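In the block that follows, a single chain appears as structure tokens, in the form predicted on its own.
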């Protein structure tokens, strides 16, 4: 079994422009922001991004890196609509496929199980079908004859997720209240890169929490990146809460100014800039 640890830059270096990238987390919760910042420091662009969107989507959209977004929402939680996403969308900067949260989840399930689609009730009777004319329905072959949305698989070239702990082999552990479907993102992807607050020995993983907390299995992981505070400014419970003050700075600062001040250097420079602005 191999050591899969690498830097964020090495993980991003394995991506190419034009890929479909899934990003785990939920809104402004446990987003792999260190990996997103590394991606922003690269030249990679023309991405199809698949995400329960938060500042990951906002930053990539504002930077002009997204060609198409597949999402159920884009929010900062305490700020309902992600402002940089909104500005880019209103400017027509990218194509959008917006689906129901449950449809999105079943799209990940379909991809994880190598199925072309899965039937789901969500979306029936809503405008989801109108705004996504490419969606199809399927009728049950059994006595019920019920009609479902045939949610297509959300197949990914690569996935970024962030967890609390991981070992060098690729086993990832969450210690907070919600897995946020990060396991599905990894299973739906050809390659998966897991950032974590701390890399520990495998035996240490079950000392803090039960085996059920081992959300991500090593066989679906390509790389492990140790990134303390790597979800900042989103939350990573129980290690830290969302940095609401900095999130407000992000939400209210014009993108060119924010990018120049906070994203012009490496991760250490980012942390220093955050401290100086506190």
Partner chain sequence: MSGVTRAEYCVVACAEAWRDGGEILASPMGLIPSLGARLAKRTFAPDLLLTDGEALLVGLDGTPEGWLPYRQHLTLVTSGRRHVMMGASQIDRYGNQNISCIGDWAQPKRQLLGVRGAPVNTLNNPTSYWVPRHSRRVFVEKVDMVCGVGYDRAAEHPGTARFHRIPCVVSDLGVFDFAGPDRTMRLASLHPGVTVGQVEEATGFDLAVPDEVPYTREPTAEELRLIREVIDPAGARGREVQG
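Residue numbers count along the first chain shown, from 1. Bear in mind the structure is a predicted one, so any value in this text is a computation, not a measurement.
Omitted from view is the form predicted in complex with its partner chain, to which the following refers.
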Response to the item:
Assert contact_stretch over 202-210, 153-161, 117-125, 189-197 against its partner chain in the predicted complex, heavy atom within 4.5 Å, equals 117-125
Worksheet item: Which residue among 232, 65, 37, 29 has a heavy atom within 4.5 angstroms of its partner chain in the predicted complex?
Response: 29
Fill in: Contact residue in the predicted complex, from 169, 175, 135, 96 (heavy atom within 4.5 Å of its partner chain)
96
Worksheet item: Going by a heavy atom distance of 4.5 Å, is residue 147 a contact of its partner chain in the predicted complex?
Response: yes
Fill in: Contact label in the predicted complex: residue 112 to its partner chain, heavy atom within 4.5 Å
no
Worksheet, complete the sentence: Taking its partner chain in the predicted complex and a 4.5 Å non-hydrogen atom cutoff, the residues of 85-102 making contact are 85, 86, 89, 90, 91, 92, 96, 98, 99, 100, 101, 102
